[in-house]
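In structure tokens, one chain follows: the form predicted alone.
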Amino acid sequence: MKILVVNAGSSSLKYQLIDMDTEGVIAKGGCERIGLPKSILKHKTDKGEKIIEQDMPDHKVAIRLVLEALVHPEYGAISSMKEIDAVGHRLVHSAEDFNCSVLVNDEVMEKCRNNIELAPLHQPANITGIEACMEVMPGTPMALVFDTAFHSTMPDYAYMYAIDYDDYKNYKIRRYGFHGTSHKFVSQEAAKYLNKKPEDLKIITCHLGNGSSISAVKGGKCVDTSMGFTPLCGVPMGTRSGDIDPSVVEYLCHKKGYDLAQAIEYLNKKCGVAGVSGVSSDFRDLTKAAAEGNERARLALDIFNYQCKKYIGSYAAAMDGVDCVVFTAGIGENTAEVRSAICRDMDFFGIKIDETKNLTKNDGSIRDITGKGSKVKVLIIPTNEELVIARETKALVEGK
């Protein structure tokens, strides 16, 4: 079975074609600047990379170009579109309508459209990509895999905010969490690596990137996660503030003359480690600047590392222990200084890392950086959200 995985953004579209017999990627790429001048498609197979410059006024045209590239006699990966057995789509928000992946139909799409207000920046683009595929590939089974679904197992006392209960019921205000496909994948991979059943493990997964979230996974199910009603909540991120007193929003509006929308944009796009450091949202730039004596860069790193440490400690308390801590995503997989700082002085929890192993370069494999005498396994696991989407799609199509 070959499954096309599609992740549509507002002006972009990423894709992978995966052979589920081997779970190997046979083609991947992305469309950039959809709806803008100078659109471009980058298409990769084992034959190399092909760059196609062609106007893409909308996602429908982009999808058509992707399909043409996949079956192209020179740089394609398959002989015809009939080889694509199903399409798996990433969709950001499921609200409380879905707690697992689902096959696309009219009723499902209507519910997804109704949830646009919960993710107004991402959901419309995701839906546009789905609709484009449905139009260009009629009759091909399609599945929706939600960022929020893995977190739907949280107990009510973990996902509820202490607001008027009627406001929760009427407006769906609660903790949802995001990066669910990543947290699911690495927690399952950790269980495999440890040769244990997920049901027997307590795992803290740290998805650390430009957007970062930390989850507590007990018995294979998410019981808490750092992001909340939106991805603004949790640890500080590249440009997002993370957890903050809500009264700051009103105070900022008063002091800087912001309206509410401007204040929220400020917290999403001008804060985080970029705002503190004044250097960059890229942790490679931050670690370099800190090493050269830039105190604001050092402070930004210290704030990030400290907040991650606090979440790990709180989740160990919530689960009555922890068997494994997993680092993943761009920072989690590649920034040794961050992993070292987060795990430092965690002896009470039995967390120790081997600093020599921690410095090994990312080669795409699972790296065990557990230190001598550590009671908790510490792993670096490259995430693979596309493979999760493909697996979920395959299971739905096969009715498993």
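Only a predicted model underlies this, so the values are computations on that prediction, with no experimental measurement involved. Residue numbers run from 1 along the displayed sequence.
Here the subject shifts to the form predicted in complex with a small molecule, a form of this protein not shown in this document.
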item	value
Residues Q123, Y176 and P231 all lining the small molecule in the model of the complex, heavy atom within 4.5 Å	no
In the model of the complex, the one of L201, L301, A86, A329 near the small molecule [non-hydrogen atom within 4.5 angstroms]	A329
Heavy atom within 4.5 Å of the small molecule in the model of the complex - residue from N115, Q307, S281, S101	S281
Segment that reaches the small molecule in the model of the complex - one of 344-352, 330-338, 36-44, 51-59, heavy atoms within 4.5 Å	330-338
The small molecule contact in the model of the complex: Q188, any heavy atom under 4.5 Å	no
4.5 Å heavy atom contact, G211 to the small molecule in the model of the complex	yes
